[in-house]
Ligand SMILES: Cc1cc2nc3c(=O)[nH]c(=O)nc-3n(C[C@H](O)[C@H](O)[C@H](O)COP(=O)(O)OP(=O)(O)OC[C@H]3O[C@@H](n4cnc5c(N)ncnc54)[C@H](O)[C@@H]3O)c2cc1C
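Only one chain comes next, encoded as C-alpha cells, the form predicted alone.
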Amino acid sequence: MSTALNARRRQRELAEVTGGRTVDLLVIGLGVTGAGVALDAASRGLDVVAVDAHDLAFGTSRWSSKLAHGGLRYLASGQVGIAHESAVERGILMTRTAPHLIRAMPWVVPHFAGGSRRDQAITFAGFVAGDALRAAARTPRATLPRPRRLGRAETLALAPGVQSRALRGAALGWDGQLVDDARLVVAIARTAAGYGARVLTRVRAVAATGDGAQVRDELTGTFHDIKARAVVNATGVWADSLAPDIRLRPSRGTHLVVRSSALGSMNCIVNAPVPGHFGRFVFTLPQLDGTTYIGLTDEPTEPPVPDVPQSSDQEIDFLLDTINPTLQRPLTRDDVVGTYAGLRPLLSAEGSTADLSRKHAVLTAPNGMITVVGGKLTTYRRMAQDAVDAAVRERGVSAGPCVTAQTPLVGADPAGPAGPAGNDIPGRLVRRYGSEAAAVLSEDPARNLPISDTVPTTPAEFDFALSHEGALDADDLLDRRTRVGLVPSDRAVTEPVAAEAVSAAAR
C-alpha cells in the first residue's frame, strides 16, 4: 500500500472507519509514541486507525532537543535499565530504522583553568561509561566514535565559539542527533500507512473506552463513532483528559533559537554546567538549517495544559546566563531569533520534576482503554511495542510478533536517494528525505530554490508535504513538515509561499 498521506486519502479513510465496521486497534494521538503504536500494530497484521485532534507531531514530539540519547544521563542517576534501553533504541534508529534521519554528533565539555579537576575526571569517566553502553547495545564503533580528551587547539578547531581565555582542553563524547524530531514522526506515520494503517489528522477523540471512541472531524464539525477491539491512548501530556485516573506532573523544557553564526558556526554540541548543580548542563545544539538551539530548562507546569507551551522570560535569562561564560562572544536577547517549549508527560511522584523518572508505563483502565505514558522520544519504539503487547494480552486481539526493530522507515532505503543519480541530489534534501530526496525535486527548477537567504526550505518541499506527508494547511507546512516557524521573521517571509502551495494543491 502507498505511504503517501494527503487530504484525499484522509477523507476516504475517515469515511471507511466511521461506517460501522469494527477495527482491531484505535490509536489516539499521533506524536512519536502514537505513530509508533500504529506502525507496530499494522506491521503485525492488525487493522489500525490512528487519529489526532491536530496534526502529526503537534505536541511534545516536535519540541524535543532533537537528540537520540544513549542514556548517559540516566546511568549517572543510577537508572541502569533505562540507560541500557535508551542505548539499544538509539542503536536501532542509527543503524536500521532511520539512519537517514540521525547523524553522530560530537559532544564537547570544555575544561577551563580554575575548574575542578575532579569534575573534569568524572565528566570524562561518564563519556567512557556511555561508550560502554554503546558497546553493550551492540552499536558499531563506526556509528559512534570513541570518546577522548582534547587539547586546547583541538577544542578550538572543533568549537571555535568557545571562550579561549583560560581554556585548557575538553572531553569529547558522541551521541545521535535527529535531523528533526517532527520528520521522524512523519516517517513513522507514513510507514504505518504503508502497512495499511489509516492515519487521520484533525480528528478529535471526544470520549473513549476500550471499545472505541466518539470523534469529531475538526474540519467539518461532524461527530462519528469508531468501533475497535482495543484502544490505546497515546496523547502524552493530555492523557488524563481521556483517562482521568492517571496522575501526571508535566514539566516544561525551553530552548532558544539563535543563528549559528552568532556562536562561531560550531558543528558540535557544547556543554556549560549549571552552577551549583553537578551533572546538570545547558548545551548548544547546531542544526542543518543555519540555526542553533540552546537548552534545556526543567520547570514544573500546572494545569490546564496548553496546546502550545510558551517560554518564560526567566527561562530565557537562565539559558543565556548559563551558556555565556563558555562562549567567546556572550549572547544577548538580540541574538535570540526564536524560542520553543515542550511539556514532558511525567508520571506523578514526589520531588523535583528534574528528578522524575523518564521510564514509561502502560496502564489499563477499568473500561479497558490502554494508556501509554512517560518515556522519551528515543525509546518510542519500545513504548509502542509494550502498548501493542498489552492490547494483545488484555483485549484478546490476535497479532503476529513485533518486527519494528528491523523495519526501515520511509526514506531509509540503503540504495540511496536516486540510485546512480544520487550524487546529483542536493545534500540537504538527502539528509532530510533519504531515499525519497529525488521525489521531492520539482520539474519546475524555480521551486527547487531556497525561499530566502535565511530559509533553505524550497517550495518543492511544501508540494511534497501536501501530496505525500499529510500536511493540510500552511501551519502544517511551516511548523511541522519544516521548522521555518521556529523563527518568526523567517515565518513571515515564508507564509505567502506556503499559502500558495496549499491553494495549488486544493485545485
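The numbering used is simple: start at 1 and walk along the sequence shown. Everything numeric in this text was worked out from a predicted model, so none of it was measured.
Omitted here: the form predicted in complex with the named molecule. The next part is about that form.
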Though the named molecule is not shown, can you say which of 430, 331, 392, 296 has a heavy atom within 4.5 Å of it in the predicted bound form?
296
Of the options 212, 169, 338, 253, which one has a non-hydrogen atom that comes within 4.5 Å of the named molecule in the predicted bound form?
253
Is every one of 25, 371 and 397 within 4.5 Å of the named molecule in the predicted bound form, counting heavy atoms?
no
Can you pick the stretch from 436-444, 453-461, 30-38, 469-477 whose heavy atoms fall within 4.5 Å of the named molecule in the predicted bound form?
30-38
Non-hydrogen atom contact residue 43 with the named molecule in the predicted bound form at 4.5 angstroms:
no
Would residue 204 count as a contact of the named molecule in the predicted bound form, using a 4.5 angstroms cut-off between non-hydrogen atoms?
yes
Applying a 4.5 Å heavy atom distance criterion, does residue 242 contact the named molecule in the predicted bound form?
yes
Using a 4.5 angstroms cut-off on non-hydrogen atoms, would residue 378 count as touching the named molecule in the predicted bound form?
yes
